[in-house]
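Starting off, we have a lone chain in the form predicted on its own, written out as structure tokens.
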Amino acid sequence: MTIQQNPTNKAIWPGIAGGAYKPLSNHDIKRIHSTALDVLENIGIAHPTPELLEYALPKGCIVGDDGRLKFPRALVEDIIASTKKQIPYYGVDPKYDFEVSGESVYTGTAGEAVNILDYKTQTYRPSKLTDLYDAARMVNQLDNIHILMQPFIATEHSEDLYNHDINIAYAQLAGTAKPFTLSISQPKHIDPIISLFDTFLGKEGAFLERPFCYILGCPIRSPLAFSKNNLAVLIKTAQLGLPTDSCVASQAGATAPAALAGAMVQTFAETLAGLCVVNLVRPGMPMCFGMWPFITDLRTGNFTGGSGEEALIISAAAQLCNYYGLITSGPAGMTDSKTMDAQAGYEKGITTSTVALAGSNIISFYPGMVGSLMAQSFEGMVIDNDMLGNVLRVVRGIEVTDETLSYDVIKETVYGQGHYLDHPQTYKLMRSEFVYPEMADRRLPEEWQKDGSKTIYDRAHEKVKEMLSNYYPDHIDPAADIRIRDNFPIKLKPADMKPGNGRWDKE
């Protein structure tokens, strides 16, 4: 295998290259690709807006007698070839900057759930703005999560979409210094949010010079129809030159064919339509290609995120997109379990491992998400961060060199002490060869019993309390915060952002 350079002297690092798992042959990939282009050229996408047609018709797209927008095959192929094959992700703090290209793997939260799973009562409650801020604070402390992608909504503000969008932007900005993403409900909210970010930066236009937040959405309503508001958001971000993540989440057996190959064809075509929109508006514009085929349990018609079929199809999607050099995002770490139990563990593990091995660039691995994306567990975020460290170590693989083959080390030890525990090579490789999970319990059984026989869920709850009672980021300058609050309807109170607020310190 290709030896991966280790820039950190640690066992894992952001941007480890995936791509070892390839469930499709190259012939399969070309057939899926060709059929998807047939779909775009002959069936097309329903409900194109007049704004889109202003860009699409002069470039050779046509509206058929059925009212659907058809994309010529040659146009789509040219756009795939010309779209940029690398995307910069900027952190609020530049130390978190990185550039995505090739099969490099980074991870983020995801979900937009509407509930929080309470550890003590094991019941769901509506997610609030303070929960989003708390999740952002956690992501800033979890090393294996590289991007904060909006994990849930602020349900108490969901009736007023402007207030909701402004406040989720502020809560995530206040909570993390890493790159983050937002789902914005209407394009008219984008300019005020950019103004909020400029106020934080202290200069008009500063955000677009170095955008630390991606505005994402789902411009397609499967099967093969545009979603009006999300399409308008996608067009607006392209007009601004703001890179975006266009996510298409069809569901095999419900809004896409039950045949997994057919679901891939449709979802690839739908996501290509989003890429075409972006590049029709601004040629060469990079876009994170969010091809997210989901699965239906055909016994009930319910969505299932933790199935083997989901692990397979999202990995195949990553391989397909990597074949054409597209920058990808992919969902993983979902579970249909209602809590953080053994079912959650195995479902999250299989989907996260396969899509990482397949080389999806931005893995939206849903840390802590339970209940088929309906709820978020703070304890689950900590557990899944732990799990992800091991997944990334698997993706990194084994480096085989003259030095690592260790012939001389074996010879010295066999004729010497007879063990490797205090050999210089062991000390040298202690941190760069091995990952040491924080939540997984590797102690002897008697030590575990003496400590109260705690489960990983129990230990994670203690860790969450520690993280959220003591850590409050302060990267927003107080003067800038005053200006933000003077100009925008910020609902997150200053007292909510300091120790002693009662959410976790009295728990």
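For every residue, the number given is its place in the sequence shown, counted from 1. All values reported here derive from a predicted model rather than from experimental measurement.
There is another form of the same protein, the form predicted in complex with another copy of the chain; it is not shown, and what comes next is about it.
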233, 277, 391, 381 - the one with a heavy atom within 4.5 Å of another copy of the chain in the predicted complex: 391
Can you pick the one in 362, 135, 171, 264 that has a heavy atom within 4.5 Å of another copy of the chain in the predicted complex? 264
Flag residue 492 as yes or no: does it have a non-hydrogen atom within 4.5 angstroms of any non-hydrogen atom of another copy of the chain in the predicted complex? no
4.5 Å heavy atom contact, residue 31 and another copy of the chain in the predicted complex: yes
Although the partner isn't part of this model, could you tell me whether residue 120 comes within 4.5 Å of another copy of the chain in the predicted complex, counting any heavy atom of the residue? no
Test of understanding: in the predicted complex, would residue 285 fall inside 4.5 Å of another copy of the chain by heavy atoms? no
Counting only non-hydrogen atoms, the one stretch of 192 to 200, 156 to 164, 383 to 391, 101 to 109 within 4.5 angstroms of another copy of the chain in the predicted complex is 383 to 391
Using a 4.5 Å cut-off on heavy atoms, what residues in 324 to 339 are near another copy of the chain in the predicted complex? 336, 337, 338, 339
